[in-house]
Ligand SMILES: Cc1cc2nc3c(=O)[nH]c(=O)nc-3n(C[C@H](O)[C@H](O)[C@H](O)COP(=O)(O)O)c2cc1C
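What follows is one chain in structure tokens, specifically the form predicted alone.
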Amino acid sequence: MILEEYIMKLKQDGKITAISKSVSKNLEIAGVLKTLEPKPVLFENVKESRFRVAGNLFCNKTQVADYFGITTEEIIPTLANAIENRSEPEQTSKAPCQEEVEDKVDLDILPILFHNEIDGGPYISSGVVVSSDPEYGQNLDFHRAMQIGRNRMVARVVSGRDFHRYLERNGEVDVAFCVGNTPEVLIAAATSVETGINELEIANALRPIRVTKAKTVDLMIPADCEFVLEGRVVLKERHAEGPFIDLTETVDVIRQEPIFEVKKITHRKSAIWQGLLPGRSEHKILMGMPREPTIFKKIKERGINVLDVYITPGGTSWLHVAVKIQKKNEDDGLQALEAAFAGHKSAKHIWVYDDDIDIYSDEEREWAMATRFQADVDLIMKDREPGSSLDPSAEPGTKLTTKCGFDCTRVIDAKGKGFAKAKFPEVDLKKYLGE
């Protein structure tokens, strides 16, 4: 689906706030998005650009599930199925993302947002980056990029990711920054899969997409995205990148990162720029949610009946994980913790709960820990090991951190008080209060 079509559907259904007044891409749009979060917003009149901007489109699991026409409980099985049963997208030579080709490269025509006063400059924060390696083929990933000129940006390239490996192997890599994507592509780009797997095939398994050949680089790109910035990233050409707001809502440091030279800009005729607030709900859901199927799979491989996984917003949608299982053996909780850490190596704290706990409720999770957890037998404390570079409390440089797991499941053979919550009668209030 084309993102604009989805936005227009939201508008028809009254599920998006359309703002017709003139709004600046410098701080104002970010401020409105933050204030209205998680309500989707469409900015129809951007002071500095002829293009519209939309944001807060996929801030929670409900919005993602609604897009796919499924329930939130079906998200993990749906993603897991797409990862396992990838399929090749249809190719087209008539791509909406290439309806218009700009005569010259001028990034100033785009509504690249300046999100926060501390930012080093205007940033692309929703860019899905397509790159390729002669041996491994194409890769899809998220990389932020800060504008430093009319045709140049500086891209944050995280060490250890496939794109970083491609750069180290080849010295320079052709890329396409694709902006304005629907969840098929967004989620696929955020999945954690083996090097060599083309994430566009995961996207196609989620919902059929089309791809097309880029204009100036040898890459197949999502045909229905809103904007494409084609060019090259050179490893040794560096520029200061940052500051910027991290997923943890803390300020990331300034680094010397590779320069992205933009050689071509294409877009749909009525293209809408996709804004994504750094460190806020939409950023978190797109980062954390695609890791949940990996954790789910690792736990299931241990023979444990895992029901759901939730990488929690309060844990920056990256460092904290809640797991729901149907416990059959006394050590299922501890086994699930070990498997969950293997499934998400950036996780710092993980909790495992019984099937009667709503893991999306902070109150119920806290209740389970208060009534079903004993630290001397239910706590796993791992030796210091590398965690996440996003954790400001981890050791600088090494990322070393202490990881803990909490088994908040009830014992199967209770010796004293029971662990079940008392249930009250349920009644139809209409019978007593009237309609």
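All residue numbers refer to positions in the sequence shown, first residue = 1. Keep in mind it's a predicted model, so treat the numbers as computed, not measured.
Another form exists, predicted in complex with the named molecule; not displayed. Remarks below refer to it.
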Problem - Segment assignment from 343-351, 83-91, 309-317, 151-159: heavy atom within 4.5 Å of the named molecule in the predicted complex - result: 151-159
Handout entry: Proximity to the named molecule in the predicted complex, single hit among 199, 224, 184, 332 (heavy atom within 4.5 Å)
Key = 199
Practice task
May I ask you to choose, among 211, 233, 189, 112, the residue with a heavy atom within 4.5 Å of the named molecule in the predicted complex?
Solution key: 189
Problem - Every residue of 54, 102 and 179 near the named molecule in the predicted complex, heavy atom within 4.5 Å - result: no
Problem - residue 142, heavy atom within 4.5 angstroms of the named molecule in the predicted complex - result: yes
Exercise for the section: Mark residue 125 yes when one of its heavy atoms lies within 4.5 Å of a heavy atom of the named molecule in the predicted complex, and no otherwise. Expected result: yes
Problem - residue 206 within 4.5 Å of the named molecule in the predicted complex, heavy atoms - result: no
Exercise for the section: Could you confirm whether residue 283 comes within 4.5 Å of the named molecule in the predicted complex, counting heavy atoms only? Expected result: yes
